[in-house]
Ligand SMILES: Cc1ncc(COP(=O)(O)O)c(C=O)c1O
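Okay, here we've got a single chain as structure tokens, the form predicted alone, with questions on binding and movement later.
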Amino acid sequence: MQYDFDQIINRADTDSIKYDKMKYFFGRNDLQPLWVADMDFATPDFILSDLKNRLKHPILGYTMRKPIFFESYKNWAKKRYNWEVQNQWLDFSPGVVGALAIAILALTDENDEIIIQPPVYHPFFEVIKGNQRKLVENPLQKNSNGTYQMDFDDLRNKITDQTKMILIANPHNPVGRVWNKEELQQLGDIAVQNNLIILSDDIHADFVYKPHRYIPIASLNSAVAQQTITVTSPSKTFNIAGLSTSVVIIPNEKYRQKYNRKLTDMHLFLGNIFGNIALVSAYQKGEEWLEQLLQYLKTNRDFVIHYLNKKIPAVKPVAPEGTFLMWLDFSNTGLPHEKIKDILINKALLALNDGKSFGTNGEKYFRLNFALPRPKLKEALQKLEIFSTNK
């Protein structure tokens, strides 16, 4: 079956944060939204069909997760990532960020140090500071070819007796790196040597462009696996984030028991009927749809890079190896950050994520979501051409 990713869907007045909260975040509601990391593509028909079938039953009472819930993820991980996940490793969360918070509460104490690698997904800051843990930054470094890498020397220097955990994103949001085996092994070795828990947000695992390959850090070896908690979900891949359903993989039994105890204490273990159904449907039926989506997104990615290089050379894209997000460098415009932001909002009429919200090294950067129909993407880039003439 051929899927139509060029279809333009009106999302206004659907309680969409991306569309219906623009005025709250940007001061106006007439912008083209390229910010929140969900896609402007229809949720796959097979998922919607399975949800509609459940709605034929007139009662939506308390629900449970059948064995197929975790089994479908295990099969997906084996086929897509060559990762053998064991049944006993698996747990649940109503959302990836929620799982990060639960893990932090379960496995660290107040004032413990937790490391992040900015510029990085802004909720990482919130789940650490909001839970009274001490945030320590190990900033990514931009190398000579314009891509980012981990600074392992700085990481080693930042670890103290109070450092208990490091949060990573794989693939990385917003810079789009898909960490390779050598990088992950170095990080894993450091974690094992220092008894450091790796809390890995892998929600973008399915969005990887060849020749790059997603490698779960917990798949490297048993020692690293014992230090790793991996959190993932079909929510980005199949555009079902509103169903708040995630999978948590914890090979370490002690960590898993503590995580599950906190999840249970907070009474967040139930989930919801439609999230359960959608996850199973996605992982059992979604491979063909995903392959077509990846090709469409790769073409979108390349289209943006070519367009910027040709028509807006002052805006430099960081080519993502994964995700549907692009980190844009506006430094060569010669404008201060707040002026760039003002032009984006009030002249170009575009809503992009402010790079400063991603922490260190976010100055004069903005994040663009390119998961939208190509005609709308071209329209957005034409608006961005204001930076080809603005001084």
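For clarity, every value in this text was computed on a predicted model and none was experimentally measured. Counting begins at 1, following the sequence as shown.
Omitted from view is the form predicted together with this ligand, to which the following refers.
Within 4.5 Å of some heavy atom of this ligand in the predicted complex lies at least one heavy atom of Lys236. Interface residue remark: His204 is counted as part of the site for this ligand in the predicted complex, having a heavy atom within 4.5 Å. Residue contact check for Ile343: none of its heavy atoms lie within 4.5 Å of this ligand in the predicted complex.
At a distance threshold of 4.5 angstroms between non-hydrogen atoms, Val97 is in contact with this ligand in the predicted complex. Partner contact region in the predicted complex: 196-204, out of 196-204, 221-229, 253-261, 274-282, criterion any non-hydrogen atom within 4.5 Å of this ligand. The partner is absent here; in the predicted complex, the one residue of Leu51, Leu31, Leu335, Ala37 having a heavy atom within 4.5 Å of this ligand is Ala37.
For the partner-free chain shown, just Asn173 of 170-187 comes within 4.5 angstroms of this ligand in the predicted complex, judged by any non-hydrogen atom.
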